[in-house]
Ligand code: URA
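Before any questions on how it binds or moves, here is one chain, the form predicted on its own, in structure tokens.
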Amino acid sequence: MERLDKIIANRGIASRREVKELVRQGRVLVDGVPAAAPDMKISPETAAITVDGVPVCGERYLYLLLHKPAGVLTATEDKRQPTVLDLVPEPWRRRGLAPVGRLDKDTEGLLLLTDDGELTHRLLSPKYHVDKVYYARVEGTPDAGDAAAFAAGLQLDDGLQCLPARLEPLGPGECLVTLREGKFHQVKRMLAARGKPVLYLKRLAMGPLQLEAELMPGQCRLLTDQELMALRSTCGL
């Protein structure tokens, strides 16, 4: 059994003094009931604790799946423009979260946020072959020749040798692209090299993680236990 204020403070959500005020305002719930006192003793393993409706995780690390909208920077802070962390509920924002890889400002879709450095490293390493799937709308019509070029591994005009990738034509102006690496503007550069400039780009999947239709742009959620186990298995953890 541990003190409630200690549990919340250890998660980096608020200081013990701040927890006292949150409890006084009725913003901390334990098993759905407003906390009686900041020093009340509870079990962090079994009690359901929320601050402003956001669950307080008992795990060491936090894993969030975000549906990144266009117009938001994949960064932890910026003085002039909104970042993906601005979309995260305040109680989680203090956990030292960072995006796993990046999506361009105008690119939408699945983005993982976590404070687990080892998992982040493995997800971004080509060594572990974590597929990232993108839907693209382009000028022109992707065809079998484009798919063959992607499968062979494109070399771009600046000398970058891309790993073999998959391009699946979906019809006029549409395709799916699957990469195992994430160089700067890579999907856009590869499609442009084939004469198919990108008009719209959205990441649909990363390894076993899928962007479900119910998660609206700007929304985020915790990974399920099953998703986390599958993700760790993919990375050899």
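These numbers come from a predicted model, not from an experiment. Counting begins at 1, following the sequence as shown.
Heads up, the form predicted together with this ligand isn't pictured, but that's what we're talking about next.
S.K.: Should the three residues Y135, C175 and K196 be counted as contacting this ligand in the predicted bound form, with contact defined as a heavy atom within 4.5 Å for each?
M.R.: No.
S.K.: Within 4.5 Å, heavy atoms only, which of D115, D143, D104, D86 is in contact with this ligand in the predicted bound form?
M.R.: So the residue touching this ligand in the predicted bound form, by this definition, is D104.
S.K.: L62, I49, L209, L201: which sits within 4.5 Å of this ligand in the predicted bound form by any heavy atom?
M.R.: Answer to the contact question: L201.
S.K.: Please name which of the stretches 39-47, 26-34, 165-173, 182-190 has residues with heavy atoms lying within 4.5 Å of this ligand in the predicted bound form.
M.R.: Only one stretch qualifies here: 182-190.
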